[in-house]
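Next up: a single chain in structure tokens, the form predicted alone.
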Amino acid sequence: MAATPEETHVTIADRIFARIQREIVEGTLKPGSKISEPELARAYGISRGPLREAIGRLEACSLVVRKPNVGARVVSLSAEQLLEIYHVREALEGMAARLAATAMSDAEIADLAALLSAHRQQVESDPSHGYFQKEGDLDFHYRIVQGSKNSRLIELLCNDLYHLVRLYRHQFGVISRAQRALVEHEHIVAAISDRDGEMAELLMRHHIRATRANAMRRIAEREAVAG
């Protein structure tokens, strides 16, 4: 079968970027772990050039950090840094939900409701795997931000912070808050469907605060065990 135009334009660096990104977000590559170019080049059977390009893109996504005389490592945020991200998300995603309530078309809202229906089937069919959404259009939060139709919000939340948010959502919230998070998502969509921007913002902010509290609790539990 012939490759599609999209597949034709996917480079080795694109594939390696997507693979390492997935391994970081899903925890295969642990926070703080060293990114060894020689080891990864051997493991993936590629030259160092495409690998360096992929690592540079991961650095631009804030998933990898480089330090002089240390090299590249998977990002590892402190509790304080993570808290800052949640505060930004609460304000900006709340605004995005408010805007989406008037900016999204009826068809877009119907698609969003259908996405949540698929998420509910996922959670109910296998609760042990929690509620981890695939990226992009299969991600509820991503879809809401896109639905705001505000280019600045989209740049901040779907590019600058997006992969970091996915990383820590996966670490701290996919199982312990799965059912509750899904219900909260459904309430947000109901408010958007009612074209009630004020309620949509209120519900989104409450949802992210609850997620933040869960993350902080999980961090405290880990630190207690480690201490």
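All values derive from a computational prediction rather than experimental measurement. Throughout, we count residues from 1 along the sequence that is shown. Throughout, rigid core stands for the largest set of C-alpha atoms superposing within 1.5 Å between the two forms.
In what follows, reference is made to the form predicted together with the DNA, a form of this protein that is not presented.
Is Ala60 one of the residues lying within 4.5 Å of the DNA in the predicted complex, judged by heavy atom distances?
Contact with the DNA, no.
So in the predicted complex, is the DNA close enough to Ile35 to count as touching (4.5 Å, heavy atoms)?
Contact with the DNA, yes.
4.5 angstroms heavy atom contact with the DNA in the predicted complex for Ile219:
No.
State yes or no: in the predicted complex, is some non-hydrogen atom of Ile46 no more than 4.5 angstroms from a non-hydrogen atom of the DNA?
Flag for Ile46 set to yes.
In the predicted complex, the one of Gly197, Pro50, Pro31, Gly56 near the DNA [non-hydrogen atom within 4.5 angstroms]
Checked against the cut-off, the match is Pro50.
Please determine, with the chain shown alone, which of 23 to 31, 182 to 190, 198 to 206, 37 to 45 has non-hydrogen atoms within 4.5 Å of the DNA in the predicted complex.
It is the stretch 37 to 45.
Even though the chain is shown alone, can you say which residues of 69 to 107 have a heavy atom within 4.5 Å of the DNA in the predicted complex?
Going through 69 to 107 in order - heavy atoms within 4.5 Å of the DNA in the predicted complex - the hits are Asn69, Val70, Gly71.
After fitting the rigid core, is the C-alpha of Arg73 off by 2 Å or more between this form and the one not shown?
Yes: Arg73 shifts by at least 2 Å between this form and the one not shown.
At a 2 Å cut-off on C-alpha positions, does Ile16 qualify as shifted between this form and the one not shown after fitting the rigid core?
Indeed, Ile16 is displaced by 2 Å or more.
Inter-Cα distance between His119 and Phe17 in the predicted complex, nearer or further [3 Å or more]
Farther apart in the predicted complex, by 3 Å or more.
Since the Cα separation of Ile16 and Glu155 moves by 3 Å or more in the predicted complex, tell me which way: closer or farther than here.
Nearer in the predicted complex, by 3 Å or more.
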